[in-house]
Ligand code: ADP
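First, one chain by itself: the form predicted alone, in structure tokens.
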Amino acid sequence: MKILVINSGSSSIKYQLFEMDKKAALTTGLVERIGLDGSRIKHKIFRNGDAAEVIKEIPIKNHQQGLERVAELLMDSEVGVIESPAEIAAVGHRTVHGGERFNSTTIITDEVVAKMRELIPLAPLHNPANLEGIEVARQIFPQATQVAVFDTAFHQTMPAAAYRYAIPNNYYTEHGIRAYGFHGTSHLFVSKAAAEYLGKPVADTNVITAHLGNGCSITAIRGGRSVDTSMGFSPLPGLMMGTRSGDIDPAIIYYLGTKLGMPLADIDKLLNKQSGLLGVSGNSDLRDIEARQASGDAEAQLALDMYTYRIKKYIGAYVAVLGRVDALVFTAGVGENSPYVRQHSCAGLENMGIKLDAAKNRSDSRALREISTADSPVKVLVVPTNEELEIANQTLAAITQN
């Protein structure tokens, strides 16, 4: 059985095609910098134990174009791995916000799509991209069962003290206003991988997982269960991100509307698409910002200082939440690939038992690795996330049970 996993982000599309009998990836790929200069597709195929990669640097204006190119590559005579769309039994979609309506993996129907459209205001950067991926996949692979795997599901174990907001109760009971949390599939996957690395049962392992990409979140996990996370009712709050502000005084929204006369739609666009690293430095891609910082750019330096300062604050908060921490885990594009961010996010946390080894941190390995000192009470790990495999497993479970 072959399952295609599509992970449509705000500026990227990750995809993998799995042979589920062997839990093996037949192909994997990344469409990156969608809508930006330098957009390209990295497409890798695995045959007879060997891997071959092709990189196509082509303009990709939107997710529609990106997914069409992915479908072409999957069936390409030279770098493809299927001859017909009929070979794909199911398509698993990483979907961001399930609201109160969706709290588990769900087979996609027209009704599900309609409900997801109603939830776009809760995830304005990602839900439209997720829905576009679903619509295109339904056209290209009409015989396949389409399945939605929601980021919010993992965080449903948070206690009320963590997920409730201090507003009148009826806003929760009648309107479902609460913290939902996101990136749950990634946090779940890397927390299980960390427990395995530590040689401890998941139920006896406490970890802090920092998912740092264009979107960023950090989660406190006790015994395999999410007990607090930085994102909330939407993916906007918490850490500073590529284009999102992260935590902000809510009175600023009132001020923007009443004093500056900004319409709500413009405020939403400001906080979700024009803020974060982009708002402070003029760039949303951390690679560009680090390059500018290295040459002495003051705005880039400030953006990095703000970015890592907020990560450090949440680490400290979640040490307090968990009490005992076995490991701090960095994952996702920035977390896995930026020694600078890891170093400055951990600097000064030695009294909390977090001691980074500078040489190990600079390693360019892409494998799961330990980057803390030998005597660090808290292990600091870099764990490559594999949301796609987790989504494939959940998709298989959903279509098997249906």
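The first residue of the shown sequence is 1; numbering continues from there. Remember, predicted model here, so these are calculated numbers, not experimental data. C-alpha atoms forming the largest set that superposes within 1.5 Å between two forms make up the rigid core.
Below, we refer to the form predicted together with the named molecule, which is not included among the displayed structures.
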property: Site check Gln156, Ser191 and Arg225: each within 4.5 Å of the named molecule in the predicted complex by heavy atom; result: no
property: The named molecule in the predicted complex: contacting segment from 346-354, 330-338, 31-39, 52-60, heavy atom within 4.5 Å; result: 330-338
property: Contact flag, Met116 vs the named molecule in the predicted complex, heavy atom cut 4.5 Å; result: no
property: 4.5 Å heavy atom contact, Asp326 to the named molecule in the predicted complex; result: no
property: Proximity of Gly213 to the named molecule in the predicted complex, heavy atoms at 4.5 Å; result: yes
property: The named molecule contact in the predicted complex: Val147, any heavy atom under 4.5 Å; result: no
property: Residue among Ala129, Ala220, Leu286, Val96 with a heavy atom within 4.5 Å of the named molecule in the predicted complex; result: Leu286
property: Sole residue of Asp266, Glu290, Asp305, Glu299 within 4.5 Å of the named molecule in the predicted complex, by heavy atom; result: Glu290
property: Core-superposed comparison between the shown form and the other one, Lys379 Cα displacement 2 Å or beyond; result: no
